[in-house]
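Below: one protein chain in two forms, given as structure tokens, structure 1 then structure 2.
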Structure 1
């Protein structure tokens, strides 16, 4: 065998290998998905999923985004507050995720200390703000006043149909989102009074906690003893105690009183006593944040969601039924109830105790807000909040209510 023949043989083998490798490479690259899916991580606060309210709704928004935008969304519940900052730094520095969605105000300080170190990582903070505008951070807040004022009208209406004249709220902590609820709720009650020519007593109490139902129950009992007919629960887990107190009050005194829920639709917990819930659509906020990253345009800063964006509102019967179905599949719905039954009971209650005139008032105000004719003020300091509240409490005419408005007027 000559040397030349061996040379051609080796050359032939090399060429064949190259061709196979090229073919394999071509096959490999063309059969693999053309673009990598965007990866997004949702980081909950220490409560995590399973609350059938705030956190579960956040995940709902993420799931919807996953379907609509074909992104890959994953989630994490940190073991404790001490873990939030190191976890956030770990995922921000890894650069694995195109967006980190942070749920709840506990993330404020960890984010504030992390965001500047990783300018290429995008963050979205839901329902809280660091107070700093950064190009890589978007804070999504809600205009709670717009939902609370409608709830105030409904509450005042129900209190008068029930033969009383007092409405109340069992609130969590004295923090900015609750200031906005307070202003909106009081605005709605006064608006009802001045339109209908009635006088309604307004009771507002801070329990100082979002996690203690027994405290909520205690405070609510106090409110009912002061004659409250409707108690608005604005304290997360704490106001689950308000629902209990309202039920017990009806049982022991025979006097019908109502509670109102907030954030998720909470009618399913006790449809006989909870005719209506305010909506705070954390799901819409999460969806909006993911959409900004996937579809653009991304712009750092603060975004607020109100009635117009469907970020807040009143849950309609479809929403009530949907949450009852979720509760039922999680095994939390009372055994004697079905989602249909919940929806029926609630719509009957709403028909009986919220009269058509009250609905008209609600819809008129809602239209004004949606069209942007009315914009609420957002208090920046505790003093400003207190001065708005005392001005509203003293309001004698509809014009006096304008103190709570940034733009527009009611008449």
Structure 2
């Protein structure tokens, strides 16, 4: 037999052996160690967990990512503003983390001063931007105007149904995300007035803090004394004090007034006085950032989430009930309440105080935004922000509202 034929025969025999061995399950395999879990650090702003809003929503998104992607997540709250940069430097220099997720505008300066020093460390800044495009940094922003304008329509409608003519907001710090909330909220109130032929007084106050419910209560009491029928909470932990003030006002004066929540569904806190909450899906932003690292693709730059992406909006009754269920599971729901009772109470309040005409206005504007027929401006400076607010306050026609728009017009 020739060498060539012998080699071919041997090769054929080896192949047959491999096939049989594989089928029998005894072919040699190597045992590989399990893949190492990705480590993620979520750094809250100085308010930290417990605000039942912004930071808690960030935690919710990270917890879902931990379950879905089997990552390890570490949480940290800086004790003060002065601690933010040193903590970021410490975590970035450790080399332990696949991603550092920074929650809120207050991380902007520390990140700008840190990101370039650690080009191999990935960062995700949530609800803010450094203004610098880096390959190791993604900034995830929200188009807050798209949520706030719908809440403005609801607030104005409720105020007039309650027999009043004044709406207000208890806001946190004078920072860009709040500029957008201010513009959208005022836009929605004016839109309601110009569509319905009414006049609504508009009050806006900055408390200067996201972490002090007592300040929120004090400021909200002042807004109620000025005639506010509805107060929009836009101050994180601080506006939990707004909820207390609204409830006490009703109890002591007999005058029914409402608060509106934001970010998480907050109706469960006091469903008799909080008929509606705006959604700012910080959880979606955090989840998205972690997914980019674990599943890819990772791309540095800026991402914005709005109504179309379900990043903002108004919580529906299913959402209200879900958050009430979470509150109940955590022992935070009042003893006399159940998730079903929260949902039923809120449904009744909405049916009574948000008329079908108001919902029609909300849905019409929502449709225009989702379709891209209306695009809000994002003010780049404080002067531009103040200019837009001044023009909206003076608006006498629907066309005057276009000062807040980058594209399209209202009609």
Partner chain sequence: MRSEKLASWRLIEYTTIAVEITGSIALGLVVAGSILALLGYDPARGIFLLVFGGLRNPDYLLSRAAFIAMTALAFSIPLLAGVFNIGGEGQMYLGGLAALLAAVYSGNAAVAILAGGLAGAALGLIIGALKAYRDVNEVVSAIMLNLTLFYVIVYAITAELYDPVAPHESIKVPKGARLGVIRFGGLKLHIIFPLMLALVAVAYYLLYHTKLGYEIRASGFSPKAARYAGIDPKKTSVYSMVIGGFFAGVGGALNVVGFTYYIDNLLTCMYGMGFTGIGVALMGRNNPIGVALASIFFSMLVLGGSRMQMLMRVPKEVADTLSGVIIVALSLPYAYRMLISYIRIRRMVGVGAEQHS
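Between two forms, the rigid core is the largest collection of C-alphas that superpose within 1.5 Å. Numbering follows the first chain given and starts at 1. None of the values given here were measured: they were computed from a predicted structure.
The first of the two standalone chains is derived from the form predicted in complex with its partner chain. With the core held fixed between structure 1 and structure 2, residue 234 has its Cα displaced by under 2 Å. Core-superposed comparison between structure 1 and structure 2: the Cα of residue 47 travels 2 Å or more.
With both rigid parts superposed separately on C-alpha atoms, the smaller turns by 15° against the larger between structure 1 and structure 2. Core fit done between structure 1 and structure 2; CA of residue 86 shifted by 5.8 Å. Core superposition places the C-alpha of residue 123 2.6 Å apart between structure 1 and structure 2.
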